[in-house]
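Before any questions on binding or motion, here is one chain by itself as structure tokens, the form predicted alone.
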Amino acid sequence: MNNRGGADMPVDTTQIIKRTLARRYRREARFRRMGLFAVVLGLAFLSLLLFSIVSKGYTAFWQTFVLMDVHLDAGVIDPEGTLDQEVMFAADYGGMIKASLRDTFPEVTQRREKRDLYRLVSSGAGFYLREEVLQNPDAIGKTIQIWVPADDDVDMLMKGHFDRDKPEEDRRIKDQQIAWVDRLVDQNRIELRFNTTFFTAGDSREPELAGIWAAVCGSFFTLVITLLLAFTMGVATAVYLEEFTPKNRWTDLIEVNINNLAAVPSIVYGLLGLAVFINFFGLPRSVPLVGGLVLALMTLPTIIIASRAALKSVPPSIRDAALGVGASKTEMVFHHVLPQAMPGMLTGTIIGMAQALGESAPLLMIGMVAFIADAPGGFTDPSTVLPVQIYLWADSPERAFVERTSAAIMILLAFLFSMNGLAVLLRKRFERRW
């Protein structure tokens, strides 16, 4: 075809479509590659994080122990021969441990060298000896062999965390102490054993005596309060808003506020608990009761949102059928709708509890950062929780607390993975497909 400006070339529509489709496919392929790269990158960072935690923390499950020959001097332990528990409890067991060290290394005579020698074993070695005597009072007056924990520096040396080749001033353990440790190794008097203390003891300023049991008990009591309050109030609120309230601007305002509360930083709830529960109501600081109240407020919006979503997932036909056979609205909700929605509610509750288990910021504000050596026996006893215990250990300067911090993180992650796995299991087990 001829025009005034010349002849136009025929337009090949098929080629245009092919080029357009090729560009589209290339864009889609790039997008898929970018998505795959993001997933791989995220998994790589997660794996690196887990590897870093495990590599630093697995050694905390082992502790160096020293075998000692200790003479149980009857004149020191039970001078009157009455086997009085209070008298035996107050005896100088630390002095007997030091005497055993002097007998093992008789060439050590200088006062300064003796101080370095005494640091080979933990300052809590006397507690182990005391427990042995209280359990076996017949051994008084005899010489016994007992395994006691080594000092944290010796423990780090045995685990390879200290470089022997470094100058003495660049490490926490002296050359003479290393020589004494090597002698104990040659005599088969020092070895690594499973660290049961880490799981059965409370906090301590000595890393080799520190454990997570007090923090685990505090977390348990705190989560019990959180579960009782957050689950009952959350489910009741969700049922009321979803099934009974009329839809108007006031309920819309409540829904918006609930969604906003779910995004409030957790430390704000800690400030609220400090102002209301402690300063206004006068409840004691650093107790699971207050911690559970604060975490319940923080978890409540999550449970309400999850519970409402579970109620919405129940088909309207079930409601209509229940009402059609003569059930009241209350009977319809509690006998038909709520049982069908309960799996989703439980899933949301477990996820909310897992979130509460890992929180530390609101609990720091209400004083659950105190040094707690004994496990709490109730909801009003001073306590701490596992995330706060991790925070305290991470702030300690000793190298041995680094591995215990990582080991406590491993325990916390195991609890969190278990709770999330339970949520998935419940959903798979009780899920209803319509």
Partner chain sequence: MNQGSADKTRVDRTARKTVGDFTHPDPRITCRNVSVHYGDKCAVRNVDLDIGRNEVIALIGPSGCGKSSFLRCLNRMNDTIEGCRVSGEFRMDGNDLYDPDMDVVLLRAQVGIVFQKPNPFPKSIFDNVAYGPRIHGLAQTRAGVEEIVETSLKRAGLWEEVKDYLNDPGTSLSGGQQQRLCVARAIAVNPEVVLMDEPCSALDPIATARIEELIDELSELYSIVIVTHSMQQAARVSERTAYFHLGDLIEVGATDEVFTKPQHKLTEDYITGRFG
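Numbering follows the first chain given and starts at 1. In this text, all values refer to a predicted model and were calculated from it rather than measured experimentally.
Not pictured, yet referred to below: the form predicted together with its partner chain.
Exercise. Is there a heavy atom of residue 282 no more than 4.5 Å from a heavy atom of its partner chain in the predicted bound form?
Worked result: No, residue 282 stays farther than 4.5 Å from its partner chain in the predicted bound form.
Problem set entry | its partner chain contact in the predicted bound form: residue 340, any heavy atom under 4.5 Å | Yes, residue 340 lies within 4.5 Å of its partner chain in the predicted bound form.
Exercise. Using 4.5 Å between non-hydrogen atoms, is residue 145 touching its partner chain in the predicted bound form?
Worked result: Contact check for residue 145: no, nothing within 4.5 Å of its partner chain in the predicted bound form.
Exercise. Taking heavy atoms and a 4.5 Å cut-off, does residue 193 contact its partner chain in the predicted bound form?
Worked result: No - in the predicted bound form, heavy atoms of residue 193 and its partner chain never come within 4.5 Å of each other.
Exercise. Hey, of 291-299, 330-338, 267-275, 113-121, which bit sits against its partner chain in the predicted bound form at 4.5 Å between non-hydrogen atoms?
Worked result: It is 330-338 that comes within 4.5 Å of the partner.
Exercise. Which of 323, 256, 83, 228 has a heavy atom within 4.5 Å of its partner chain in the predicted bound form?
Worked result: Going through each option in turn, the one that passes is 323.
Problem set entry | Interface residue in the predicted bound form among 233, 318, 261, 99, criterion: non-hydrogen atom within 4.5 angstroms of its partner chain | None of the others qualify; the residue that does is 318.
Exercise. Relative to its partner chain in the predicted bound form, which residues of 182-204 have a heavy atom no more than 4.5 Å away?
Worked result: If the 4.5 Å heavy-atom criterion is applied to its partner chain in the predicted bound form, 182-204 yields nothing.
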